[in-house]
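Just the one chain here, laid out as structure tokens, in the form predicted on its own.
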């Protein structure tokens, strides 16, 4: 066990299990032996400084990116070893809420939500209509079914995207920066929806986010990732009170700390040629 590096709390009820994850992209190490568990039915937040691989972790969970080494298991399936067919089947059980909502601009709200059903399920139109309206009712936007994305506020667009993410009744929803750009009212609406849907539909949720105040309202547990490892974990309030260098810097917004301000670079004076000039 490495001192100063948090260890995941292993659970037999974990829906997601990551063990010994090592990933390099180009010359940069993204993950250096990452371990974490996500319990079934929980809302789990993944936090950390920019560029630490939070969105990359979501790509590992959906099999869009394979690690160099390590294990990524979702609902007991080793994602890194799934065939193309089995991987697509797994993805149909995972909803994804994009940071910018990613609505299709030429489709109405109704058709945006119907789109995955039309692509992946051969349903009678009447049944398809009932499913779409049910999902819109769940997010409070059944009356907006015929609106176009350009007619929606940012908060409404996020809720439509959430309705689309749950159209297949997924076991897991991945949220990539779901709170960016939302006003306080829309933010609280989305927070309430995440928690309500998690409870009523028995979904497991993983959120990538930076907003501690929002996370404190919705998450059961937070994992703080930095330098490719899990450096802190706990309930949101507990984590905010921890007095480790990592939590002080991240939650206190300190410029100096374990996460350096400068990106790794050669010696400054040498690169500018000062030493050669003064010999």
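This one's a predicted model, so the numbers in the text were calculated from it and none came from an experiment. Residue numbers count along the first chain shown, from 1.
Same protein, other form: the form predicted together with a small molecule, not shown, and the subject of what follows.
S.K.: Flag this candidate site as yes only if 127, 132 and 143 all have a heavy atom within 4.5 Å of the small molecule in the predicted complex; otherwise mark no.
M.R.: No, the whole trio is out of contact, none within 4.5 Å by any heavy atom.
S.K.: So if I measure heavy atom distances to the small molecule in the predicted complex, which of the stretches 33-41, 55-63, 215-223, 230-238 falls within 4.5 Å?
M.R.: Within 4.5 Å of the partner lies stretch 55-63.
S.K.: So, in the predicted complex, is residue 25 in contact with the small molecule at a 4.5 angstroms heavy atom limit?
M.R.: Taking the distances in the predicted complex, the answer for residue 25 is yes, it comes within 4.5 Å of the small molecule.
S.K.: Could you confirm whether residue 51 comes within 4.5 Å of the small molecule in the predicted complex, counting heavy atoms only?
M.R.: Heavy-atom contact with the small molecule at 4.5 Å: present for residue 51.
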